[in-house]
Every structure is written in structure tokens, then in C-alpha cells.
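Just the one chain here, the form predicted on its own, laid out as C-alpha cells.
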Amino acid sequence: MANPIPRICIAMGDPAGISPEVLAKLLARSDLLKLACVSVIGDRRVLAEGETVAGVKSDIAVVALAEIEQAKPGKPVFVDLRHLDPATLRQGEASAAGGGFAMRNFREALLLAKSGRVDGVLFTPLNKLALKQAGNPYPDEIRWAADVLEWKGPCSEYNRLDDLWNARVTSHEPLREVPGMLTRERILCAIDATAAMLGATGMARPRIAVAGLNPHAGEGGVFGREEIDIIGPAVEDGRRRGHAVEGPFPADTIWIKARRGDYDAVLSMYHDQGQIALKLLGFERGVTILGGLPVPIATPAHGTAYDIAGRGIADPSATIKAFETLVALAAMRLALAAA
């Protein structure tokens, strides 16, 4: 039986950064476009700017929002909302106009997913300052997506670098608030969710390493007791549930073990604990996945790269990896639903 072909919607991100360029480079990959029925939401003029910068031309038909079902494997379609003239933007700068452009594209893609018309959403890099200038009330994309999808269940951001994953107990939170947010129950929930997320990619029993919070994982209580009182007991709870989970480990050395293949995922206590490690290991290939939602959502892990916008040197590798990851996740969901 042939693998199901998912329907993937791509929302154009911040137009003043490298988003138009990396999207144009992705759409020039006919070998990748055969993997899904691809629709793109944005402004055709902005994509044309990206094509010029990238030195490619996209063979993509323009359709109305009601016509995205015309997308076929290898034959993408473009929903032209005509809501931004790139000539009105200053490249390399955050603006309310750019943020508003990205907000509308992402929202329309999420609504298509909510209605069941697409099986997954990819968005090219956003800029949080531009989104805030445009009136975006959400601190991050995961809460934004959950709200639009009306999802009340647990969800979290995950980062993937090839076969190595990073999960988080807390994410976009002020660092001074993190210790008070860590509870045995919350960490156990993150262990459960991480195992489920990796299970959705085909791993039967993923190996999860849990990082500590304090230097040297507290050094037996010398530098803090969170590892003894909260994190360690949560790890034990995870083992009792059947997960292949170990820790807590010092956060500055666990990535060495993970990189050499001892673990499939590292569960970090806060954002930078894992992000710094993964971006150093492979900034140009990292992918961010919004997991736990009714549909898979992915984006390249890097940002808008305002400093190189318009120069034609943006590496599309992370965007390509995000697309491939999303297609695989969506196809697996379709296969499970049909079983």
C-alpha cells in the first residue's frame, strides 16, 4: 500500500527577512514538492521578490482560498491575498506591516488545518518584535496555534536536529520564574509528551535524558535541591510508566552523550538550556515542531536573519528539513487514521 500523500499549507513569514528567499528555494525543489499537495498563503509579489533574490522561478499556480484542493503532488498552488506590496517595506527591519502580513498568513493556514482541509502547516521564519508591533497578543507560536485551533490539551515546542530531539519543560518564560514553575507533575507531563512526540515519528521506545536545573545538576544538593526534590522523582515516575528515561544530568555535559547517540532526546528545564546546544550543533539544519496539537506544525529553527536579507546567501537547509519533517509527521497521522 502506497504511503498517503499529505496536504501541506505553507504560510509566508516575515517579508523583511530571509523568509521569501528560503521559501522560493524550497519551491524550486520539484523532488520535494512531489511528496505532498502543497498550498502557499501570502502575497505573490513578496514571493516574486524572494525568487529574484534566490535566482529561481517557482512554477506555481495562483488560486483562491476556496480552491486549494487543486494542489497536487508536484503541482503546488498559491493563495494570493495581495495584502502587502514589498516596495513599501524596508528590508532587514521589523515593522508592523511585516508582522501583520505574517500574522494573517499563519492564521489562514491554521484555519485551513482546523477545518480539515490541510494535514499540516509549515511557516517560514517570523519576527516576534514585528508581530508585537502588529498587535499580536501571543508570547509564542505554540499558544497562538492552540488558541486558533481551539485546542485545550497539552502542547509544546520541540526542536529536531537530524535524529536528535530537544524538548522543554518551560519555554518562553522569564528565567527568574522558571524554578517556581518546575513541579514533579509538570516534568512528568513533559516526559509523557516527549515520548508521545517521538513515538509519532516511529520510535517505539525513545531514550530520553532529563537535564537538571542547577550547575552540575545540583551536586548532591550543594547548588540547589530541585534535582533531589522535584526532577529526580519525576524521572522515577516516568520510569514507572514504562518510559526509557534517565537523569537528571548536568545540562552542560548531557549533550555530549546525546550527540554520540546515547539518547534520542534531551528534556531541558528551560529554553536556552537546549536551544544553545542544538544551534551550535547544527544551526542551518534545525527544525522547530509544535507538538501535541491536532495537526503537526513546523518551521525552521533559525530566525528571520535580517542581517543577510536580500543578499541571496540564505541557506534553505532548515526550511527543507522542516518541510520533510512535516510531511513525514502528517503522512504517519494519515496512515494511523486509515488503519
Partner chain sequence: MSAPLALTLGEPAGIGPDITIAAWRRRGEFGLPPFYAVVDADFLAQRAERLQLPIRVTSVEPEAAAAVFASALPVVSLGMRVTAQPGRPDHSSAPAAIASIRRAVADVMAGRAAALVTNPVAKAVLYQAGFSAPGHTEYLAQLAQQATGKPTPTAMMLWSPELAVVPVTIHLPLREVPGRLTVELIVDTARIVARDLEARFGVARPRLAIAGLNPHAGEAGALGEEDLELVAPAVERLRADGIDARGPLAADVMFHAAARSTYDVALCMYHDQALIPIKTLAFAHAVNVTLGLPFVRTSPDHGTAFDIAGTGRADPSSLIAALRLAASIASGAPAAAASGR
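Keep in mind the model is a prediction, meaning the values are calculated, not measured. Residue numbers count along the first chain shown, from 1.
The next section is about a form of this same protein that is not shown, the form predicted together with the partner chain.
For the residues P154, P86, G224, P233, the 4.5 Å heavy atom test against the partner chain in the predicted bound form is passed only by G224.
Checking G74, G92, P179, G100 for any heavy atom within 4.5 Å of the partner chain in the predicted bound form turns up a single hit: P179. In short, of 74-82, 165-173, 144-152, 92-100 it is 165-173 that has heavy atoms within 4.5 Å of the partner chain in the predicted bound form.
Heavy atoms of Y263 never reach within 4.5 Å of the partner chain in the predicted bound form, leaving it off the interface.
In the predicted bound form, C37 stays away from the partner chain, with no heavy atom inside 4.5 Å. In the predicted bound form, none of the heavy atoms of R184 sits within 4.5 Å of a heavy atom of the partner chain. Not displayed here, the partner chain is approached by A251 to within 4.5 Å at the level of heavy atoms in the predicted bound form.
Taking the partner from elsewhere, every residue among N214, D272 and A277 has a non-hydrogen atom within 4.5 angstroms of the partner chain in the predicted bound form.
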